[in-house]
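Single chain ahead, by itself, as structure tokens, in the form predicted alone.
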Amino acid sequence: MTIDLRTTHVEPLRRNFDHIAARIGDDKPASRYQEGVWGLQPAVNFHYRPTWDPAHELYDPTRTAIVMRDFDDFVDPRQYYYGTWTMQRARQQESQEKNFEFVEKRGLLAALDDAWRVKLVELVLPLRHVAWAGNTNNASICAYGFGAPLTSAAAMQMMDELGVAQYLSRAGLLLADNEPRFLDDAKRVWMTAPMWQPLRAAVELSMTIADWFELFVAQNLVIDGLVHPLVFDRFDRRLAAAGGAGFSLLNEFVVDWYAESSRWVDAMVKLAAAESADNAARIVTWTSDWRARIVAALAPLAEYGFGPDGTATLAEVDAGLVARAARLGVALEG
């Protein structure tokens, strides 16, 4: 008896869905990311004008002044959908857990000078409240935004900001031998210390922004774009030089996440600005207004963290934001 094995190639009748084929052609298979975000935004069905906002439909592209030919153009350069995002964050969490274990096991924070410990409590730990505001603001972008590529990424950004807040909280617990007293102190500073009230007021004001793309610019480009380089880069360098390198290990996720998320933020702003001159002008106005507000709010914190070098350090961070915006087609003065 002879068995003859043969390979048969079956040519598929179609390689993707019609709405995907309209973008990439019908002879090219779509990625899982493309299938997961394109055409997902409700635009016809399940539409009505809610009683809480009768001026808009439930899913309405006019909730922002930004006008796009197609909001599905807001493609995440990271190509994150739920599966790839969770796998990446799981790997990062595993690495971060090892960092916490290493710092605690070796007692790397025990020898930290008391003056620097106080600065950590009063300058770094209150940022967990800023990160919580980032969580809330990106939840608003997800809720009121238009176009699944952007709103789905905003949902991931929302949870990432919560992760930043949680890691800062864990760092505060580790500083105090797993007692909550430093977190209580940090909250009291956030609520009452004069140096924090300008930033607290600005963050709370951001949570009232109705235009979701202005909120995107204010939170993800300006607030994060000034706070993270100032604290988790410049201040972290000073802390490490003073013997606080162990705390840098606790912030590894925060640093890596900011660098990664900035790719997404930059791509969204650049695309919207390139769409039309009107879009670019609005983004320039929003960025300029929020940049001025946040730079002024950070001035007392920079002075506290860097002493006589505070003004120059903040100016350096601000110049970095201006250069970053210029690369995105957003020309700022100064």
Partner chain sequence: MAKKLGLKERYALMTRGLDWEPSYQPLDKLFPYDSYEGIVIKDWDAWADPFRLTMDAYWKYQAEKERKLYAILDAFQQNNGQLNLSDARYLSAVKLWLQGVTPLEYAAHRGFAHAGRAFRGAGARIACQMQSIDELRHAQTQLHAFSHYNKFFSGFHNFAHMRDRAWYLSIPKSFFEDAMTAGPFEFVTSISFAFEYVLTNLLFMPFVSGAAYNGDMATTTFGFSAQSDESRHMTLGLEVVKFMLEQHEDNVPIVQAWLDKWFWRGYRLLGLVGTMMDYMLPKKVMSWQEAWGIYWEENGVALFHDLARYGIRLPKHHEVAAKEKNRLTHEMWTVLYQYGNALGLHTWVPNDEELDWMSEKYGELFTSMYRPRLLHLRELEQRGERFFNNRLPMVCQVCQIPVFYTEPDDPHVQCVRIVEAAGTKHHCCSDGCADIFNREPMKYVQALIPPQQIYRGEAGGARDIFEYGAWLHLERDVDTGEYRGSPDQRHWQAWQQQHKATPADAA
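Here the structure is a predicted model, which is why all the values come from computation and not from measurement. Positions refer to the first chain, counted from 1. C-alpha atoms forming the largest set that superposes within 1.5 Å between two forms make up the rigid core.
In what follows, reference is made to the form predicted in complex with the partner chain, a form of this protein that is not presented.
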- Which one, 43 to 51, 300 to 308, 263 to 271, 279 to 287, holds residues whose non-hydrogen atoms are within 4.5 Å of the partner chain in the model of the complex? 43 to 51
- Query: Using a 4.5 Å cut on heavy atoms, which of 87, 115, 241, 111 is close to the partner chain in the model of the complex?
  - Reply: 87
- The listed residue (226, 249, 124, 133) that reaches within 4.5 Å of the partner chain in the model of the complex by any heavy atom is 133
- Touches the partner chain in the model of the complex: residue 39 (any heavy atom, 4.5 Å): yes
- Task: Answer with yes or no whether residue 119 is in contact with the partner chain in the model of the complex, where contact means some heavy atom within 4.5 Å.
- Result: no
- Mark residue 128 yes when one of its heavy atoms lies within 4.5 Å of a heavy atom of the partner chain in the model of the complex, and no otherwise. yes
- Item | Distance check, residue 313 to the partner chain in the model of the complex, heavy atom within 4.5 Å | no
- Query: Who in 168 to 188 is close to the partner chain in the model of the complex, meaning a heavy atom within 4.5 Å?
  - Reply: 169, 170, 173, 177, 178, 179, 180, 183, 184, 187
- Query: After a core superposition, would you say residue 69 shifts its C-alpha by at least 2 Å between the shown form and the other one?
  - Reply: no
